[in-house]
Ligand SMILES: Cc1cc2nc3c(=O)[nH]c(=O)nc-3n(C[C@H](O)[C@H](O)[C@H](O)COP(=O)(O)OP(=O)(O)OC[C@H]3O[C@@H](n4cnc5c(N)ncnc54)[C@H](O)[C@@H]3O)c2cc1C
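The chain that follows stands alone, in the form predicted alone, written as structure tokens.
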């Protein structure tokens, strides 16, 4: 059994940023997961990443993974300028992530964690290949996959052609299909544009879509300022943090997707998915209210964050974590009430603000946890 001081569960931007900070301070750690799987396996090849380049950098104390530097070193100057003037194409961002992978000075255990258990002096983490890691501390940095949401009316429709947008590989090659796209956010817009030329699309939303360049319907300077002050959210009154949280729930779609999504070729329906009476008939779907048949349904229905979605955490341990509104209560170092157990990323958003939903939040999490580790 491997033994280490800190074990990081998750190899996305948060896990890797924390590992970078621990490595620099020579603090013993191990890290496990499928590296950057959101961008490799769950993003459409034809799209760009949503956030600007300046808020999409993996944290490294020496600024080694600066996105702008990477692009100007790896593309001709004119092409680099063009890339930097728009949202980063996913193929460019994937090359950036591959560069980081090749540059890491520590090993990655490329398996998911299937069970996390508390023991007297630490934790035992079991990987899908049966390997076990004993550690004094654990950092959970597992991203959003466990939190993907399907509305009640879709949960009992057992069909391989009902697909949450997390599983883009299951629908990105569809052709000559009658598709029902559900949702008013960026994932729905990207799915429509990707499928636009080769499929018939009906777009179901509860309200009129909002087209805005940033992930939120806020002026760019205010959006950037809100992300930058993430470390100070912890000291705000609870009511103020909740108010900011509500602002950051709104779904928007980037304007570059507006032409195709709002074209006459896409049929728009304003209704709640619970109201349209969707059922399975043979190998297809049928909506009673719309009186229409569909070959496939793509649920761009987002994510509902809830600590109970972390199914790999032993029930006894999970039940011992203090929560509020299904989010873990954390101290300023991202530590739960369970000593030496840390949670970063989206599940920490109520305490540290909206930056924790973006790559930009990795710096604060990495710095805080590395400082804690140095002292302990």
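Numbering follows the first chain given and starts at 1. From a predicted model like this one, the values you see are computed outputs, not experimental measurements.
There is also a form predicted in complex with the named molecule; it is not shown, and the following applies to it.
Participant: Does any part of residue 32 reach within 4.5 Å of the named molecule in the predicted bound form? Heavy atoms only, please.
Facilitator: So residue 32 counts as contacting the named molecule.
Participant: Is residue 51 part of the interface with the named molecule in the predicted bound form - any heavy atom within 4.5 Å?
Facilitator: Judged by the heavy-atom cut-off of 4.5 Å, residue 51 is in contact with the named molecule in the predicted bound form.
Participant: Wondering, does residue 327 line up within 4.5 Å of the named molecule in the predicted bound form on heavy atoms?
Facilitator: Residue 327: no contact with the named molecule in the predicted bound form.
Participant: Is residue 10 part of the interface with the named molecule in the predicted bound form - any heavy atom within 4.5 Å?
Facilitator: Within the cut-off, so yes.
Participant: Among the candidate residues 303, 174, 75, 212, which is the single one with a non-hydrogen atom no more than 4.5 Å from the named molecule in the predicted bound form?
Facilitator: Partner contact (heavy atom, 4.5 Å) among the options: 303.
Participant: Exactly one residue in 143, 296, 122, 185 has a non-hydrogen atom within 4.5 Å of the named molecule in the predicted bound form; which is it?
Facilitator: Partner contact (heavy atom, 4.5 Å) among the options: 143.
Participant: When the named molecule is placed as it is in the predicted bound form, which of 107-115, 232-240, 202-210, 267-275 ends up with heavy atoms within 4.5 Å of it?
Facilitator: It is 107-115 that comes within 4.5 Å of the partner.
Participant: Taking a heavy atom within 4.5 Å as contact, would all three of 39, 42 and 345 count as contacting the named molecule in the predicted bound form?
Facilitator: The answer is yes: all three residues contact the partner (heavy atom, 4.5 Å cut-off).
Participant: Going by the named molecule in the predicted bound form, which residues of 73-88 come within 4.5 Å of it through any heavy atom?
Facilitator: The stretch 73-88, when checked against the named molecule in the predicted bound form, contributes no residue at the 4.5 Å heavy-atom cut-off.
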